[in-house]
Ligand code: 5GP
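Coming up is one lone chain in structure tokens, specifically the form predicted on its own.
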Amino acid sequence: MEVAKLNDIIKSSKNILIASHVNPDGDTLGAMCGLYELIKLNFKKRCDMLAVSKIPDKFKFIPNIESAKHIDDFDKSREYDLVINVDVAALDRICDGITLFKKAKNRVNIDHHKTNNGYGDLNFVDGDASSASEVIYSIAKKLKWEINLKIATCLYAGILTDTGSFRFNNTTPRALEYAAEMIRMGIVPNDMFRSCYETYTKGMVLCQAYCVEKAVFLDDDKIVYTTVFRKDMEKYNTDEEFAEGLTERLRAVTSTQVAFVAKEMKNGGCKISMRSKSVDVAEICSVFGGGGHKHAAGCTLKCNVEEAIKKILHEIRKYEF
């Protein structure tokens, strides 16, 4: 069994690194911190945790998150016995962490994105799972690892956020069953919801309202997008966290089939976040080296926002809806 191999590799490894993806969300952070606690509890080993970009303040409640280190704090020449990527659909999603992953003696890939090509030596990729956190919880149950409230808090956060608070199509019976088990362990749903969804500053709320107001509707309102420029965030004294949930708000319009947010990056590139009701946006994003899920995906284009919008619209309009 593959899970037995994972158990053996962890047992034999002296130094372990767990890596989360760039622009971390609740799932990659919950999965990383949950796995950290699982290994600490069941193997009496401490792992290093890699964050390649800023951790959103709203996820600071996740147990062990304070132990995660930025990529700049790592010795890139170090060789780990084991590196485990969690919720990392493609290797470039760990940016400079690729060096540490490739040099490791054992490389494990735990994910739930159907676009994941199985780049690890050992792969646990379940495209039917709601989240990487659900995959980790499933592995822990199969291996009969002990699970405490800290672990449940981490993994519940991952399942909660990747299912959109149990609203998205990936909210399966298994995801709800796992969540119920975690609630029996002591998780308080209302507290978790507030931590993940009700921690916006005034500036974040105003900036999101501004971006919604300037949304552009096209093709009989079937396509809608908005832009986020660095100057917008500076004006409202906020950062990229404010955009959380913005694409979903645009998709919620009755007539909308495809919605996206085009966000200006510090390096001059443009990050695209897409949502749809019918179109496979993961396929669209894959054209630009991105990916994700059928109705929720993203990509990064090395051009300015205006040019990125033109390219994205060109791909969207290849579909009938």
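A residue's number is simply how far along the shown sequence it sits, counting from 1. Quick caveat: nothing in here was measured; it's all calculated off a predicted structure.
Beyond what is shown, the protein has a form predicted together with guanosine-5'-monophosphate (5GP); the following relates to that form.
Colleague: Which of 10, 297, 308, 18 has a heavy atom within 4.5 Å of guanosine-5'-monophosphate (5GP) in the predicted bound form?
Modeller: Checked against the cut-off, the match is 297.
Colleague: Which among 89-97, 142-150, 168-176, 185-193 is in contact with guanosine-5'-monophosphate (5GP) in the predicted bound form, heavy atoms within 4.5 angstroms?
Modeller: Stretch 89-97 is the one.
Colleague: Residue 35: heavy atom within 4.5 Å of guanosine-5'-monophosphate (5GP) in the predicted bound form?
Modeller: Close contact is absent here: in the predicted bound form, residue 35 is far from guanosine-5'-monophosphate (5GP), nothing within 4.5 Å, heavy atoms only.
Colleague: Can residue 107 be called a contact residue for guanosine-5'-monophosphate (5GP) in the predicted bound form at 4.5 Å between heavy atoms?
Modeller: Residue 107 lies outside the contact set for guanosine-5'-monophosphate (5GP).
Colleague: State yes or no: in the predicted bound form, is some non-hydrogen atom of residue 258 no more than 4.5 angstroms from a non-hydrogen atom of guanosine-5'-monophosphate (5GP)?
Modeller: No, residue 258 sits far enough from guanosine-5'-monophosphate (5GP) in the predicted bound form that none of its heavy atoms falls within 4.5 Å.
Colleague: Are any of the heavy atoms in residue 29 no more than 4.5 Å from a heavy atom of guanosine-5'-monophosphate (5GP) in the predicted bound form?
Modeller: Output for residue 29 is no: heavy atoms all beyond 4.5 Å of guanosine-5'-monophosphate (5GP).
Colleague: Determine the residues of 261-285 with a heavy atom within 4.5 Å of guanosine-5'-monophosphate (5GP) in the predicted bound form and present them in sequence order; the list may be empty.
Modeller: 271, 273, 274, 275, in sequence order.
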